[in-house]
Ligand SMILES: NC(=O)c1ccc[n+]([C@@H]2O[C@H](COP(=O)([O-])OP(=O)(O)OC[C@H]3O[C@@H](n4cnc5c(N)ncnc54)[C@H](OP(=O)(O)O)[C@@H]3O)[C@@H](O)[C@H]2O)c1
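Before any questions on how it binds or moves, here is one chain, the form predicted on its own, in structure tokens.
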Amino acid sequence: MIVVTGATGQLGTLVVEGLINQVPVEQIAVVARDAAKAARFGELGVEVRVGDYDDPASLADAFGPNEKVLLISGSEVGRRAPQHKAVIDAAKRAGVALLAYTSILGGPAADFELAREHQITERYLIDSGLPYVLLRNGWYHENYTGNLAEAVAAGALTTSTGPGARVASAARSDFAAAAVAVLTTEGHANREYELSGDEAWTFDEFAAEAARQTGGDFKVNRISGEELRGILTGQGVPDPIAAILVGVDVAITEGLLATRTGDLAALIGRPTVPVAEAIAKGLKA
């Protein structure tokens, strides 16, 4: 049995859909906080189990012996380390055969605040003695294309990254396909994969491509980190989270999200989705 936690999120949904195309549906289970949100999977024949990262007791029956588990990292920054610990503890008690975890590009070398809980989780998972896979996901195209129509309407992509900063992003579907690959094939135990896109683009290149596709004027609006923090908090983002997001731009400026190893393309057996294709999809959305 292959078990996916956090299955109702954007990444989890893509992973489950990918698994359904690869293995018999009766070999797939999902763990969700709210069974109703996972009902669409149940209708397809996927086993739905209830489990809450914040409630360790609810995870007692989430996993079984010799199952392969994908732990998709929580989205609640500041709470993720204990949440992940609860899942790892439950998986260890159950005697799972493999636990794959969606971490962050660079792992221990990712020197920015957003990476801290991932680093804590990685160390806890390794020390647990469970066979593991660390899927160190880089930045998603969708982090920039998800609200691209709004940015195009405003005429600029706003960032506090420095000139020349590059991002080796990939599509969320690419990262999902990598997770499916490690869950459905052998030889991945106790390995770390640095997952990023085949190309590392600059923000000026991104803006130029968006301008080319729209036929309009689209530029990069570079502001300071403090200005960006103020914009984010003005939009209702809690200040600690805004500070973490500004820290990501610092990390990008330092090249920490531009690493290209080829691991992602190798796992999925094809080139990663080009950023130009993601821009086109974002503009249509």
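Note that the structure is predicted; figures quoted are calculated from it, not measured. All residue numbers are counted from 1 along the displayed sequence.
Below, we turn to the form predicted in complex with this ligand, even though it does not appear here.
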When the contact criterion is heavy atoms within 4.5 Å, does Arg191 count as touching this ligand in the predicted complex? no
Given that this ligand is not shown alongside this chain, does Lys37 nevertheless sit within 4.5 Å of it in the predicted complex, heavy atom to heavy atom? yes
4.5 Å heavy atom contact, Ile72 and this ligand in the predicted complex: yes
Partner proximity in the predicted complex: Pro274 to this ligand, non-hydrogen atom cutoff 4.5 Å: no
Assess the spot marked by Leu11, Arg33 and Asp54: is this ligand within 4.5 Å of a heavy atom from every one of these residues in the predicted complex? yes
Just to confirm the contact call: exactly one of 224-232, 45-53, 22-30, 60-68 touches this ligand in the predicted complex at a 4.5 Å heavy atom cutoff, so which is it? 45-53
Quick one: of Arg116, Arg80, Arg166, Lys92, which gets a non-hydrogen atom within 4.5 angstroms of this ligand in the predicted complex? Arg80
With the partner left out here, which residues of 164-195 have a non-hydrogen atom within 4.5 Å of this ligand in the predicted complex? Arg172
